[in-house]
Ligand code: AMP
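Before any questions on how it binds or moves, here is one chain, the form predicted on its own, in structure tokens.
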């Protein structure tokens, strides 16, 4: 018997209603044990707010503007009902549920509809993602309408959350690893290792259910299946990095480019972005460079692509993003925006995973297998003065700063830790999410040009505003941003719109101040958008906990204002 989607929705409702992590885990454990093997991966993905497997290169490509029009059409309820509920809860799914409960039409039609199953919902989501070409928009809309029309108000609440990728139950991937460990009686460390290797906790759960612990222990990298990236923390300065790494560290230029993963099997090469999206078609010269230089039959490399001018100097990041977005007329754009590849790590070679090897050993293997592809410039040092000079040289060459890498560190996919540290000579920028925007004044009166910036609370999933800015973007970027934000608009309030939190921007600022203006109690001073982070998802943006950490660090070197 197939599991009803209603059971998944009811589970998510229970998760949303509690903050007790052990109770959350137990609820998911019971649910996972009740499913058959084919339902496990879709269910795990959907509980985490993903419509499709994490490794899938398909996307639903459905905007909130489209989704809201379908909801209005199905329910025929005054939209102010949605706006009022959203204003109270701040939750799109809950507001949609209220609209459907208000709809007499919905209550009548559901009496005659058969229950949705988890498997059916996944098949429908796949069909929506697969709709392409002429007439694809209309086909997507028909499929979405059919799916939502067959659902109860509670099911619609979570279907909408899955569509927009904003589950907000507080049940994150780390808790899912614990639930899978407990459900299938597999040590947590083994579940976590498999998750790091496969890059998809849903697939890990499916293997655990179908084949058990022994098969999970055997999982390895697969060429053309992207690997989650190892992430770095921020260091205040080089002295901190040296101390953290035991007095000696490997320093590399931190390039202002786009991180990529290169997969090679025989003569075929594929390239994946930081978001693990296939960008092979956008970077034909990098593909050719890999084919010409990498002699290994199987390999997974990691590197950075930067855009350069005719003298070979790096040019701003936003120009590089134009290359990543382009899939047609690549040759013409490649002439205008040439790119340079630098490699900095190797994860897999001829059937063998290398991630457990010490960093310097991986670097040696990388050098032996990269042909004439340059590696990021590097020194290994225990001398502060030498390191400071290296940082200065990096900045003078037009780069962002340095990466400090512990010389004996393994590669830990998907983990952010202190094995790798970022060092920048300026105050650390923040990657924040636009949650609302206002129309400007004067020549900007038709453009959404004033942006409210937010960081995600890891405890609640809520996006908390930390500042507002109208600075940093060009007119062309503002016009494009206006188009994007209109598609993501949830509600309009005079000259202000509230949007689905999807767009990530890198923000510079002078300091973080205490402020009663925002719920988080903090505000950025002199915030300015440095660039649009097309390579980052909202989940990868900085958290409110990180903002608070930076706020507290400010007082290490200056006094704290006291109100009493």
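Source: prediction; values computed, not measured. Residue numbers count along the first chain shown, from 1.
The discussion below concerns the form predicted together with adenosine monophosphate (AMP), not included here.
Novice: Looking at 263, 405, 157, 323 here, can you tell me which has any non-hydrogen atom within 4.5 angstroms of adenosine monophosphate (AMP) in the model of the complex?
Specialist: Of the listed residues, the single hit is 405.
Novice: Given that adenosine monophosphate (AMP) is left out here, which of 470, 184, 452, 344 has a heavy atom within 4.5 Å of it in the model of the complex?
Specialist: Checking each option against adenosine monophosphate (AMP) in the model of the complex, the one that comes within 4.5 Å is 344.
Novice: Between adenosine monophosphate (AMP) and 253, 274 and 420, in the model of the complex, does every residue show a non-hydrogen atom at 4.5 Å or closer?
Specialist: All of them do, each having a heavy atom within 4.5 Å of the partner.
Novice: Though only this chain appears here, would residue 189 touch adenosine monophosphate (AMP) in the model of the complex if you measure heavy atom gaps against 4.5 Å?
Specialist: Heavy-atom contact with adenosine monophosphate (AMP) at 4.5 Å: absent for residue 189.
Novice: Examine residue 304 and determine whether its closest non-hydrogen atom to adenosine monophosphate (AMP) in the model of the complex is within 4.5 angstroms.
Specialist: Residue-level check for residue 304: yes, a contact with adenosine monophosphate (AMP).
Novice: Flag residue 416 as yes or no: does it have a non-hydrogen atom within 4.5 angstroms of any non-hydrogen atom of adenosine monophosphate (AMP) in the model of the complex?
Specialist: Output for residue 416 is yes: heavy atoms within 4.5 Å of adenosine monophosphate (AMP).
Novice: Does at least one non-hydrogen atom of residue 376 fall within 4.5 angstroms of adenosine monophosphate (AMP) in the model of the complex?
Specialist: The answer is yes: residue 376 has a heavy atom within 4.5 Å of adenosine monophosphate (AMP).
Novice: Going by heavy atoms within 4.5 Å, which of 364-372, 255-263, 201-209, 176-184 lines up against adenosine monophosphate (AMP) in the model of the complex?
Specialist: The contacting stretch is 255-263.
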